[in-house]
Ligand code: HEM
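Below you'll find only one chain, the form predicted alone, shown as structure tokens.
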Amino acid sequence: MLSKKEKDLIKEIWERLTPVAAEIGADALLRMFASYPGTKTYFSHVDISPNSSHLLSHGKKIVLAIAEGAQDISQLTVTLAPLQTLHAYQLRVDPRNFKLLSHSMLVSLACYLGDEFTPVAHAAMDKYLSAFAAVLAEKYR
């Protein structure tokens, strides 16, 4: 699905974004909440207003998990196994939300990276985030 060049590009992008993980993740979450208000239901117990500590903390967790998966995409199922179990059995997140967040993350990356988010980078990242979302949803089957 992903060429070696695409995997290297994805890994490099996420390594660069790790220092701003909280900001990128929070932006993607806010975009998802604005575009798909139903996704807020999983966050009704925390403050998800812009720049809140809860939003930044969860955004950072998301980006760091995506970055960790990018280190060895061939092992994505193994890397995400704990998150699969958490989201499927404990949090019971609707698996469709993973795709919604992936789309929101692409928009956030495009805004943050600007001209560096080339069509090649966009296509590679779209493939990776789609795979990431699909792996997270595997426990629901």
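Being a predicted model, the structure only gives us computed values, none of them experimental. Quick note: we count residues from 1 along the sequence shown, nothing fancier.
There is another form of this protein, the form predicted together with protoporphyrin IX containing FE, and it is not shown here; the text below is about that form.
The closest non-hydrogen atom of residue 66 lies within 4.5 Å of protoporphyrin IX containing FE in the model of the complex.
The shortest heavy atom separation between residue 112 and protoporphyrin IX containing FE in the model of the complex exceeds 4.5 Å. Within 4.5 Å of some heavy atom of protoporphyrin IX containing FE in the model of the complex lies at least one heavy atom of residue 43.
Taking non-hydrogen atoms only, residue 70 never approaches protoporphyrin IX containing FE to within 4.5 angstroms in the model of the complex. This chain lacks the partner; the member of 76, 32, 106, 88 within 4.5 angstroms of protoporphyrin IX containing FE in the model of the complex by a non-hydrogen atom is 32. Counting a residue when any of its non-hydrogen atoms is within 4.5 Å of protoporphyrin IX containing FE in the model of the complex, the hits in 92-129 run 93, 97, 98, 101, 102.
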